[in-house]
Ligand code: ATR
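Here's a solo chain for you in structure tokens, the form predicted on its own.
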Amino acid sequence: MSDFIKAGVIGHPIGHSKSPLIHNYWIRKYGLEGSYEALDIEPQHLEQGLQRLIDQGYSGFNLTVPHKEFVIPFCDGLEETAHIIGAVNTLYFDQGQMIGANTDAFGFIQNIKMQQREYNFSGKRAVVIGAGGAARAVIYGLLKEDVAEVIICNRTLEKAQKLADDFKDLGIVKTAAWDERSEILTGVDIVVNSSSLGMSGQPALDINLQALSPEALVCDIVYAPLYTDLLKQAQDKGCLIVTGIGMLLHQARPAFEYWFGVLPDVDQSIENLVLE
């Protein structure tokens, strides 16, 4: 049993997580000896809980709400992506050191590249709706792909401005008021909803795409429903669209490789499994 690898996702609450479905599918697919579990730890017990799991022989973890920022002080080191995004969603061990990583930007970009093959981001103008943790990963990913400009549009302008300030050293990042969200789409090449608006059980994303070019790319990180009202509206205009399920799947791939030594593929079977 010495080659048996244990990993898991830590959150509070954690019952909603799709990560065990994803990682255990890959463990079976690649014939590996290992397990991946959902682990519920309250924020105030995170440090002790982590140590207890490490003592039990766990090789690494994913982190979800509310731990992505809380875990940073407990890491021995951070990868550059996690440091700049300001959040950790993956922990792995390197020569006894616990390293914090963030794979969300990778997942976001890889999802677009898989759904819209050979898409060229360079020089494009992007609007990102929302200013939460997911927006940080989306903005980082877009800037690293050499977009010319990112405009953040959020219900709270102050939060958008803080985010723009955090990323000003990486490229041109601007803000727009929430009531301008439909008007600012003129001349925009990429629109990303990084908020929970439009998700099942959440308020609708009230936006009019009339000013958007039919040549534009529209992404929604929401995957329940898979085809949100935003994506349906974009599809009706003839825009390229990218659904949200692939971001969830692709962000899991580097984490799996850290622990199990295999970079897994995303196939239709795993997408169907997660969407059931």
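Owing to the predicted nature of the structure, the values given are computational and were not obtained by experimental measurement. For every residue, the number given is its place in the sequence shown, counted from 1.
Although not depicted, the form predicted together with this ligand is the subject of the following passage.
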property: 4.5 Å heavy atom contact, residue 196 and this ligand in the predicted bound form; result: yes
property: Non-hydrogen atom contact residue 107 with this ligand in the predicted bound form at 4.5 angstroms; result: no
property: Residue 154 within 4.5 Å of this ligand in the predicted bound form, heavy atoms; result: yes
property: Non-hydrogen atom contact residue 171 with this ligand in the predicted bound form at 4.5 angstroms; result: no
property: Segment assignment from 76 to 84, 154 to 162, 92 to 100, 184 to 192: heavy atom within 4.5 Å of this ligand in the predicted bound form; result: 154 to 162
property: The unique member of 131, 127, 143, 71 whose heavy atoms fall within 4.5 Å of this ligand in the predicted bound form; result: 131
property: Within 168 to 188, the residues that have a heavy atom no more than 4.5 Å from this ligand in the predicted bound form; result: 178
